[in-house]
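Presented as structure tokens, the chain that follows is alone, the form predicted alone.
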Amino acid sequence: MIKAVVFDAYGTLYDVHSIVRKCEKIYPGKGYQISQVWRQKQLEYSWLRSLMDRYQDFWSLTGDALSYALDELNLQYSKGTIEDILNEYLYLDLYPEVVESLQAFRPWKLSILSNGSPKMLKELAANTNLDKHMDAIISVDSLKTYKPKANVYNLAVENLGVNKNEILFVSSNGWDVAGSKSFGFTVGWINRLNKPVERLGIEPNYIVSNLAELANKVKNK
């Protein structure tokens, strides 16, 4: 029986590519490319640092990924430019159906479990008023490693005081879906881009195109 819903933040509740507006303003015609390379490197660095046991908090890691993206695209930048663009991670756009969907999941406990550092998650949630809808905002930072390590998912169990088989975990990232299902969560995949399931021998319990569709399926099961 589900008692809590735990959400990934980036790409699931928040559109990481809303960053394109800022990138395009500074580098006209390059915003989309910057965002694509930046996001890919951000993910790669989180996995590599976990594997190498060389943890760096997500704010710094994201800044390094941005620097790499600008280098790859041969774009000039300064420390101030990096800080200016990186600051947009505190003002990402919520997907339009998020707030209404969160209300539909009540009275279950609601929480975020994210790779984001505590400060960046807290400020982002406050800036978008999402903090008013969450019972907890959990960062991997206390463990100094990143998803999809199994002990990271256990943070939700510890913080919410429910068993792992009582948690519905929600993510738009295929690797996160696989990691959370492997840990033992019931998992909903927000497949906004209509991608195939990752070939890892693990299937999500629900595959939907947006959060509202998931809320409807789960609540009417």
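Since this is a predicted model, take the numbers as computed values, not measurements. Residue numbers here begin at 1 and follow the sequence given.
Note that the form predicted in complex with a further copy of the same chain isn't included here; everything after this is about it.
You can rule out all but one of 83-91, 110-118, 67-75, 135-143: in the predicted bound form, only 67-75 has residues with a heavy atom within 4.5 Å of a further copy of the same chain. For the marked spot (Y45, L51 and E198), a heavy atom within 4.5 Å of a further copy of the same chain in the predicted bound form is present in each of the three residues. Just one of R192, K30, K41, K164 comes within 4.5 Å of a further copy of the same chain in the predicted bound form, counting any heavy atom, and that one is K41. In the predicted bound form, a further copy of the same chain stays beyond 4.5 Å of every heavy atom belonging to K122.
Though the partner is left out of this view, L168 does not reach within 4.5 Å of a further copy of the same chain in the predicted bound form, counting heavy atoms only. In the predicted bound form, I34 stays away from a further copy of the same chain, with no heavy atom inside 4.5 Å. Not displayed here, a further copy of the same chain is approached by I202 to within 4.5 Å at the level of heavy atoms in the predicted bound form.
Residues W175, A178, G179, S182 are the ones in 174-191 with at least one heavy atom within 4.5 Å of a further copy of the same chain in the predicted bound form, listed in sequence order.
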